[in-house]
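Have a look below at one chain only, the form predicted alone, in structure tokens format.
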Amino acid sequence: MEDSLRALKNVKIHFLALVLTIVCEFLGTKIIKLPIGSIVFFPMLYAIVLGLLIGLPRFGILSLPDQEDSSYLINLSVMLLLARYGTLVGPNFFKIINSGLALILQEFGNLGTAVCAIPVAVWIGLKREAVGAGFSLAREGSLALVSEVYGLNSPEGRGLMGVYICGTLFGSIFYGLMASLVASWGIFSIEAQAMAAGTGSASMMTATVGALQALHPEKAEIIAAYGAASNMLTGLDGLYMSLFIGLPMSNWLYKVCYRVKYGVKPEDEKA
């Protein structure tokens, strides 16, 4: 509590946040059309990149105590953000209920992470680290799960922590750009993509929703409502999905990929 109060009194942090907000809003939303689709750059992405830059020690803008205060303010900001999303879910409650089965089944889409990631991880030479790195998007729920099952000092734990750190630094940027690119292809309905925004990470979900809203401003409210509802469901059932399906499937996939690459069974097989 004392740390949070100290952070709230840090005028420097609030001033920098205000300046970044004004600059990013002034830059506005830019849509760049490429041969493979369109990429949307919007204020949140600018703010993440500029925030990363001003936090570099070589610039000397933010001290270590300032950065610690910023981390406390993130929790407060996320609470306000989630409260804002809650106000969007309420008016669209019956629309969300009507698509309840789709919202529940979208969780299976997260298993695609393992299908895509583990073969690549084994191919580039990772061993059991591939399971921790590839079975999920490596957010807080996955961190707790791997910590209990394998321990964070295990190969699986090291693989997970690597992805967790990369996701914390670059996840929102990647999600924002990728969501806009896929949305520009017109393959999936905008409602389906809004549901896919719920990954269990508020910042990644916000980046995805922001990109979709920039491309479809006429559906901004329903996109935010579906994204928030999906994110909440992922937080509720994502842990069980990972425990009972994602992790066992990843262990099986690891064994298959290992045999294909090396022609033998994994020596350090645990599962």
Partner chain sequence: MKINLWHLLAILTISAVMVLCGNSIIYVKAHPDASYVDSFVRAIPGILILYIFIYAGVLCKRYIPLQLPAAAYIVTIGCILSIPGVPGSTGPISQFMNNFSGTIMKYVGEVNFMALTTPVLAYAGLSLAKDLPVLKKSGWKLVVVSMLVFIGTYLGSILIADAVLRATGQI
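In this text, the rigid core denotes the largest set of C-alpha atoms whose superposition between the two forms falls within 1.5 Å. Positions refer to the first chain, counted from 1. Treat the numbers as computed from the prediction; the structure is a model and nothing was measured.
Below: the form predicted in complex with the partner chain, not depicted.
Trainee: Any of the heavy atoms of M249 lying within 4.5 Å of the partner chain in the predicted bound form?
Mentor: Judged by the heavy-atom cut-off of 4.5 Å, M249 is well away from the partner chain in the predicted bound form.
Trainee: Within 4.5 Å, heavy atoms only: does I36 come near the partner chain in the predicted bound form?
Mentor: No.
Trainee: At the 4.5 Å heavy atom threshold, is T113 in contact with the partner chain in the predicted bound form?
Mentor: Result yes; T113 sits at the interface with the partner chain in the predicted bound form.
Trainee: Please tell me whether any heavy atom belonging to E191 falls inside 4.5 Å of a heavy atom of the partner chain, as the geometry stands in the predicted bound form.
Mentor: E191: yes, in contact with the partner chain in the predicted bound form.
Trainee: Name the single residue among L239, L215, I48, I222 that comes within 4.5 Å of the partner chain in the predicted bound form, judging by heavy atoms.
Mentor: Checking each option against the partner chain in the predicted bound form, the one that comes within 4.5 Å is I48.
Trainee: Who in 166-180 is close to the partner chain in the predicted bound form, meaning a heavy atom within 4.5 Å?
Mentor: Heavy-atom contacts to the partner chain in the predicted bound form: C166, G167, T168, L169, F170, G171, S172, F174, Y175, M178, A179.
Trainee: Quick one: once the rigid core is lined up, does V260 have its C-alpha move by 2 Å or more between this form and the one not shown?
Mentor: Shift of 2 Å or more: no.
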